[in-house]
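As a starting point, one isolated chain is supplied in C-alpha cells, in the form predicted alone.
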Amino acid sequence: MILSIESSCDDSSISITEIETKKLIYHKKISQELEHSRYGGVVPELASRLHAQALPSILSECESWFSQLKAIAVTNEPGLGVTLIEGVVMAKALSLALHIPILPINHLKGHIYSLFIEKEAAFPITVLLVSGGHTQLIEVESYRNMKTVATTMDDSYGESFDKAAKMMGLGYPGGPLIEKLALSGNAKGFSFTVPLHQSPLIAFSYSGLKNQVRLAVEANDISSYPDIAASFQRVATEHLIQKLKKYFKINPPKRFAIVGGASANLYLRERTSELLRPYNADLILSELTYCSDNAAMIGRAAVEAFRLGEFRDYRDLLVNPRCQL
C-alpha cells in the first residue's frame, strides 16, 4: 500500500491506496474553510498551523496499516510553500521511521488522476484544469507525458469566483456561494464583456472581468447581487467555452475531462457538455467528492509513480511552490 499526504493549500488529507488493485483503503480530509472564511480567502500562515494540527490527527488513524506500506507519497509541488512543507516534513519523518521511500507527486497530476480513483487510467485525453490557482488546458498522453497547451495570463477561473464572492461579502470558498446565489439571478442582468473575445490567442484571463464585477458591486445595492453573480458566472464560463471552441477547431476532441475544485460547478459542466455534443466526444468528470484537493487523487497518481520507480530519498525532497507540470 501507499500512504499519501496532501497539504498544498487549505485541505489536510491522508489516504491509503492498495497498489495492485488501486483500491482506496482509507481516506480522510479536514477542511479549513470555516477558519479562512472570515478573511475571504486562504491565509497561508494560518493554513500551515492548521495542517500541523490536523495531519498528525489523521495519521493516528492509519497506524494499523504501517507494516503494509511500500512508499509514502506527498504533494511537493505546486502550492503554498508554507503548507506544502507541512506534508513534506511528515513524509520525511515516516520515510525515515518506516525505512520506505518517498514518491513526490505534482498536485496538478493528482487532479488529473482524480478521474481514475479506483480504476484504470485511460489516455490520451484532453483536460481542462480549473481550480483556485490554475486554469490550464492540458493534453495528456501518459503520467510522464503531459503538455500544457493553454494557461491563464493572470487570475484563474476558481480564483475569480473567490474574489467576486469576497467583493459581495459572501464568504469563502466563493465558487459554491456564487453558484448558489446565481440560481436566483438573471444571467443577462449585467452585460459583462467576455475576456479576450476578439483575441485569436488560446489563453485565459480573468483580471478584467473581476474588475467589471467590482464596478458593478460598487454601483449597485445588495438586491442586485444575484444578477451580478449569475451574469459573472455566465461570462466567466463563456470565456472558457469560446477558447475551447477555438482549440477544438484545430484539435477536435475525442475524450475530454474537467478537473480541479471549480470542475464541481454544474453550470460549467452543462455548458461543456453542450459544446462537446457536435463532436460526439466523451465528457469525463471526477466524482464531486474528489474535485477539490484530496489525498485520494494523490494516492492514485502515486500508484503510477510507484510503477515507474519515481522514488526520492527523504534527504533530497524539496518543495517547489511555483512548479507546474
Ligand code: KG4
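As the structure is a prediction and not an experimental result, all values here were calculated from the model. Note that residue numbering begins at 1 and tracks the sequence as displayed.
Missing here is the form predicted in complex with this ligand; even so, the following discussion is about that form.
- The candidate spot formed by Glu77, Gly110 and Glu310 is out of contact with this ligand in the model of the complex: none of the three has a heavy atom within 4.5 Å.
- The contact with this ligand in the model of the complex, taken as any heavy atom within 4.5 Å, belongs to Pro176 out of Gly189, Pro101, Gly208, Pro176.
- None of Ala47, Ala264, Leu55, Leu275 but one reaches within 4.5 angstroms of this ligand in the model of the complex through a heavy atom, and that residue is Ala264.
- With a 4.5 Å cutoff on heavy atoms, Phe204 does not count as touching this ligand in the model of the complex; it lies far away.
- In the model of the complex, Pro226 stays away from this ligand, with no heavy atom inside 4.5 Å.
- Among residues of the shown chain, Cys291 is one whose heavy atoms approach this ligand to within 4.5 Å in the model of the complex.
- By the criterion of a heavy atom within 4.5 Å, Glu86 is excluded from the residues contacting this ligand in the model of the complex.
- Only one segment in the set 253-261, 279-287, 47-55, 64-72 has any non-hydrogen atom within 4.5 angstroms of this ligand in the model of the complex, and it is 253-261.
- Taking this ligand as it sits in the model of the complex, the stretch 102-137 comes within 4.5 angstroms of it through a non-hydrogen atom at His107, His111, Ser131, Gly132, Gly133.
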